[in-house]
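The form predicted alone is given below as one chain in structure tokens.
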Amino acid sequence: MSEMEKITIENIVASTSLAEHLDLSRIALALEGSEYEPEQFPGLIYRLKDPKTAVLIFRSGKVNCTGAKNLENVKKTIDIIIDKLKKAKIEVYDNPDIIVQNIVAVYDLESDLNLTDIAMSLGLENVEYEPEQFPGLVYRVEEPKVVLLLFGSGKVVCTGAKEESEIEQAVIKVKKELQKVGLI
């Protein structure tokens, strides 16, 4: 089994632009169940059941999609929004570029970790470990530029990736570093 097969993507945050300007009051009427309270938050919130995602739509035409567990569901979510808006006679772009902002994934090293020893071996310039503040060790990987949260249970959370391959690279890298110093 490859490392990627052991990695579980929990959330993908992506953004796009649907127009130069959007009338959120009109969209709130068109998207049943949407939440739009401009005095509390400048964007409109719309949740989908399938795929289970949420979008934030802003007056500027910018849209953020969150909650997807794969890139296909990001695209599907944006397509659904475009379709619903077009049906409501709201002008939007046909095939906007979608940019992944962040992928959050989990991985299990399948070994208990001594985070104090790991903090010393990985080098203090890339590591934050304050167990009184947070139970995990924060490891900032330079290349690929991601952040790994390591927990004593062996669970690892990866955040900051823009592509799935970056998660796999970071997991392989940390595993090699920990194996090299005999900590897993």
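The structure presented is a predicted model; accordingly, all values stated were derived computationally and were not measured. One rule holds for the numbers: they count along the sequence shown, beginning at 1.
Not on display, but discussed next: the form predicted in complex with the DNA.
Within a 4.5 Å heavy atom cut-off, is G123 in contact with the DNA in the model of the complex? Close contact is absent here: in the model of the complex, G123 is far from the DNA, nothing within 4.5 Å, heavy atoms only.
is_contact(F151, the DNA) in the model of the complex, heavy atom dist at most 4.5 Å: Yes, F151 lies within 4.5 Å of the DNA in the model of the complex.
Is there a non-hydrogen atom of V138 within 4.5 angstroms of a non-hydrogen atom of the DNA in the model of the complex? It does: once the DNA is placed as it appears in the model of the complex, V138 has a heavy atom within 4.5 Å of it.
4.5 Å heavy atom contact, E10 and the DNA in the model of the complex: Heavy-atom contact with the DNA at 4.5 Å: present for E10.
Identify whether the DNA in the model of the complex is within 4.5 Å of every residue in the set A54, N102 and K145, based on non-hydrogen atoms. So, yes: the whole triplet contacts the DNA.
Is any part of 18 to 51 within 4.5 angstroms of the DNA in the model of the complex by a non-hydrogen atom, and which residues would that be? Heavy-atom contacts to the DNA in the model of the complex: E35, Q40, F41, P42, I45, R47.
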